[in-house]
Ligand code: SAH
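First, one chain by itself: the form predicted alone, in structure tokens.
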């Protein structure tokens, strides 16, 4: 195996179990005899050693600022059943948390560094696992990962690979970035001709893992959707950036008087309507609208509309550090518009999924929004990602979802 030798004193973060080796920490690369090129191939397993020869671990090599993502610390090679070991450990966590139930067959099985598998995301929907690779190494080992998932998770018969939007765009990647890795059930390759349904807390959702966002559904809002259900009774609810309508369905089940769902994507709105019709076939208190969020809120304000409960769950406004300033302005602007439209005694659920925006900066943006419209606001809950999106204590960068529940006087 190729060996990566670090510069003196650059091993300290690995000894604290942080799984990333940055390119600037590398002193030299010792290639094994099988190599004909001058550098390791992307996705290759490499052994990392300190300057004094101490074995620090094994990980995936990748070109870029993060050169190695460590899979196992303190070893020079991985055990033969490594993938099954890690997937089994991840599954046991979900089972022990009570997430694997008859009325809940939707959960995140693997959450990257949080499950000691940096660069890998796996979501389970009924009998299908959807795999996303965020590193070339996970792409290279996708077949072994799929085999381990099917061996470990009893409900999974199919594994679909969806990494066209997540792999590094500059990487020299061989093989398909999307497609079936394991197929135990017959599903059409065209999502429009098929209906894939999975269950979350007793509600059934149509999942489009072939063409939908991320892996097809935002599993990370499960607990926060359940909290909306607790507050929804008798309220007029507005669900902005609704995607497939997760918050809307929970609000309807919670007894909302009326629910409006808004998204800029017509395809998302079609899925919202399908989900509402499937779960609440007699419901007449739901309306879905295709519209830009800022334009919609402005139009509703001008029309004098107000709501008892508003949910703001936008896509990431900042996908990298350079965009943080603009993102914070966006959060302040959208929250100010929403706070203006909430009736006295109403509730605002507001979120940021931008990893580059920390929770204090997000809270300050919402505070500034409230101050700008002159409303009295109390924080009722501070929300975050759920148990199946664990944060590795040695990798705090894994905390990305921030949310506030506000009471507006």
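These figures come from a predicted structure and were not determined experimentally. Numbering follows the first chain given and starts at 1.
Beyond the structure shown, there is the form predicted in complex with the ligand, which is absent from this document and is the topic of what follows.
*At the 4.5 Å heavy atom threshold, is residue 127 in contact with the ligand in the predicted complex?*
Residue 127: no, not in contact with the ligand in the predicted complex.
*asked:* How about residue 210 - does it come within 4.5 Å of the ligand in the predicted complex, if we only consider non-hydrogen atoms?
replied: Although the ligand is absent here, residue 210 would stay clear of it in the predicted complex, with no heavy atoms inside 4.5 Å.
*Using the partner position in the predicted complex, report whether residue 225 sits within 4.5 Å of the ligand, counting heavy atoms only.*
Yes, contact at 4.5 Å.
*asked:* My question is simply whether residue 264 lines the interface with the ligand in the predicted complex - judged by any non-hydrogen atom within 4.5 Å.
replied: Yes, residue 264 lies within 4.5 Å of the ligand in the predicted complex.
*Of 293, 100, 182, 148, the one that lies within 4.5 Å of the ligand in the predicted complex (heavy atoms)*: Residue within 4.5 Å of the partner: 293.
*asked:* I need to confirm a contact call. Of 215, 135, 244, 335, which residue comes within 4.5 Å of the ligand in the predicted complex, counting heavy atoms only?
replied: Comparing distances to the ligand in the predicted complex, the residue within 4.5 Å is 244.
*Options 251-259, 264-272, 157-165, 106-114; stretch whose heavy atom lies within 4.5 Å of the ligand in the predicted complex*: After filtering at 4.5 Å, what remains is 264-272.
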